[in-house]
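Below you will find one chain, with nothing else, as structure tokens; this is the form predicted alone, and questions on how it binds or moves follow later.
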Amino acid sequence: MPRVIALTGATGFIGAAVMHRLRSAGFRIRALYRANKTAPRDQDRSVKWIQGRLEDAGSLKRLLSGAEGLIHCAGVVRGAEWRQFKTVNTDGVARMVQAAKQMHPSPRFLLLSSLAAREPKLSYYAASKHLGEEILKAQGDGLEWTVLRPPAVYGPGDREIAPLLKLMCKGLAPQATPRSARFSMIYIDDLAEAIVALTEQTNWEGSIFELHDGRPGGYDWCEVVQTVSGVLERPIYRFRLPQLLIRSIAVLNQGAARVMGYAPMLSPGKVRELEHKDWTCDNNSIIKAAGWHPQTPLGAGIKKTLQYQRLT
């Protein structure tokens, strides 16, 4: 009988890719979707959609019943206030931990966190992800668990990178990071493969893993722009945005968001994340634990993303 995996965040960018890879690996999936949303139109019999919310213990019980593993991808990346991040990224983890502990046997728990959790003082988002990890460590006694911290994730279907790629296709590449800043990246399919590779391991020891696309030491912004330019086969003009301007726009954006009720991507916290100079990762631990290796270098991943978005 196929093994059953419970999955949160299955309708999101990362969660959808994880679900697709789980199907290919032969798992049956129970996927949680929001109670105020219409059930996804998916006729695949390997997927059972569970309507509910992270705040509803009953829906979490239905999600986890009979599952051997839980992959918790649900998360909030945009917001103007602490509570918007805390409710899902911190409190949501606590509820999932308690629900998992009430199952007999308890499912193994894989938490998709973020590299930002390394620097919790930078932003509400980073702090909420860090606290989610700490809750799993403190309250996950009796559970087999592991944490995965991806760096910048990109690929087809990512709405965050699409505006920037469109601008590059027009020959412009604004730079908001320090010149010396370096960051790792990972293509969405490689991340999904890593998650499934960890899921298939028999021994979880409460580890925290980071991963990247196979480029030790990551990239600076100039290298990313050069890669996109090479894929497009045309030059891209790179220009630096004044730091004061970015910070001012972020403050105004956050203020407007609080008044108008939308969730901003550019906030003072996000600016502090952009200004941080080291978002690089190391693959050694996850390669040793799961035998996973990245398959998609940046140029190939950018090409696939541009083709999907019909920008080439």
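Note that the structure is predicted; figures quoted are calculated from it, not measured. We number the residues from 1 along the sequence you see.
This protein has a second form, the form predicted together with a small molecule, left out of what is shown; the following refers to that one.
Interface stretch in the predicted complex with the small molecule - options 214 to 222, 153 to 161, 238 to 246, 130 to 138, non-hydrogen atom within 4.5 Å: Looking at the partner contacts, the answer comes out as 153 to 161.
The small molecule contact in the predicted complex: R34, any heavy atom under 4.5 Å: Contact check for R34: yes, within 4.5 Å of the small molecule in the predicted complex.
4.5 Å heavy atom contact, A197 to the small molecule in the predicted complex: Looking in the predicted complex, residue contacts with the small molecule do not include A197, since no heavy atom lies within 4.5 Å.
is_contact(M103, the small molecule) in the predicted complex, heavy atom dist at most 4.5 Å: Outside the cut-off, so no.
Non-hydrogen atom contact G75 with the small molecule in the predicted complex at 4.5 angstroms: So G75 counts as contacting the small molecule.
The small molecule: the contacting residue among V228, L112, A99, M185 in the predicted complex [heavy atom, 4.5 Å]: Of V228, L112, A99, M185, the residue with a heavy atom within 4.5 Å of the small molecule in the predicted complex is L112.
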